[in-house]
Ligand code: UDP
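One chain comes next, on its own, written as structure tokens: the form predicted alone.
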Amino acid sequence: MKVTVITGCAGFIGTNLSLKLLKKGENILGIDNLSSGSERNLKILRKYKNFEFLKKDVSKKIKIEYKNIDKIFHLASMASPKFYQRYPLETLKTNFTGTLNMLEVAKKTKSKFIFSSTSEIYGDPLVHPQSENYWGNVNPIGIRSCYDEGKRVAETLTFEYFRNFKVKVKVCRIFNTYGKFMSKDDGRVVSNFIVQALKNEDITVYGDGNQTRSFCHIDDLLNGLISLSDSKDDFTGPVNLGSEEEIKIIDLAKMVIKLTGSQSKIVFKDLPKDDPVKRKPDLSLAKKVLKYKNSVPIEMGILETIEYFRGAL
């Protein structure tokens, strides 16, 4: 009986990935310390007989008895600036020591290791769009660097285990993703705007709103993640996963107000330090190797996410 391990299983992406694989009949061992993962999400996962949960901090020494682990999706990490700036040392430990610990599990069990890196490793990019051969423009001592540099060193660790121990590794760089099972207090822009709009509160736009992002629906991201995990062993990545549909933040705010029918007003605040002005992936490699594509237009995806939050609130 093969087992798939998912760290960060009660988080936004982890919950969605766990559900998709559980419904396909895979046996899932979910690991989460619930520091930012949701008990509500975990309750949904526990309904499946082929799901087992281990409450564990991956940055602590981890021992897994299973010898039949087939693959590990390493998703564990705080990903919202709201949380990782509040817990910078924990974020660094999760990304360095946690990744090291899970790579050791992959090495011992000879399992495939799929590491979820981030577009944040590109920092405030000087090239646009960002391809995988761009090394980034990151402030190593800034308030975001605990996450940015944490993910960068985790990529280094992953490739050292590939080079030194022949661990089968794959690295994806995930760009802004949204959808169901996001936390209402996540602190990122899509959830912020939707929650504020549903409550008819002021919608907070940082900066002048002309900065851009490319938002990927969770279903498209999961298809890319699973395609990556199923790809040939000689394809290690890193590979960008996201959307090429670029939108201004101010236009996203207006879209959310329109789709919710909200009475909210838009208010502007200072742009946080080191916040990227532009963010858009070059998806050429994903399209070529993984046959990756975006099938959910942003307006349709945002509308679905609004309905999810209506229920969650």
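What you are looking at is a predicted structure, and each value in this text was computed from that prediction instead of being measured. Don't overthink the numbering: it's just position in the shown sequence, from 1.
The following text describes the form predicted together with the named molecule, which does not appear among the structures shown.
Checklist entry - Would the named molecule be touched by all three of G14, E39 and I218 in the model of the complex, meaning a heavy atom each within 4.5 Å? => result Heavy-atom distance to the named molecule in the model of the complex: none of the three under 4.5 Å.
Next on the checklist: in the model of the complex, does N101 come within 4.5 Å of the named molecule, counting heavy atoms only?
Outcome noted: Answer no; every heavy atom of N101 is more than 4.5 Å from the named molecule in the model of the complex.
Checklist entry - Quick one: is S117 in contact with the named molecule in the model of the complex, heavy atoms, 4.5 Å cut-off? => result Outside the cut-off, so no.
Next on the checklist: With a cut-off of 4.5 Å between heavy atoms, is G136 one of the residues that contacts the named molecule in the model of the complex?
Outcome noted: No, no contact at 4.5 Å.
Checklist entry - Hey, in the model of the complex, does R173 get a heavy atom within 4.5 angstroms of the named molecule? => result Flag for R173 set to no.
Next on the checklist: Heavy atoms within 4.5 Å of the named molecule in the model of the complex: which stretch in 101-109, 70-78, 159-167, 206-214 meets that?
Outcome noted: Stretch 206-214 is the one.
Next on the checklist: Just to be sure I understand the contacts: of S243, Q130, N192, T91, which is the one whose heavy atoms reach within 4.5 angstroms of the named molecule in the model of the complex?
Outcome noted: In short, N192.
Next on the checklist: If the cut-off is 4.5 angstroms on heavy atoms, which of these, P238, G142, G187, P125, is the one near the named molecule in the model of the complex?
Outcome noted: Result of the distance check: G187.
Item to check | Contact set, 275-313 vs the named molecule in the model of the complex - heavy atom within 4.5 angstroms | outcome: Residues within 4.5 Å: D275, R279.
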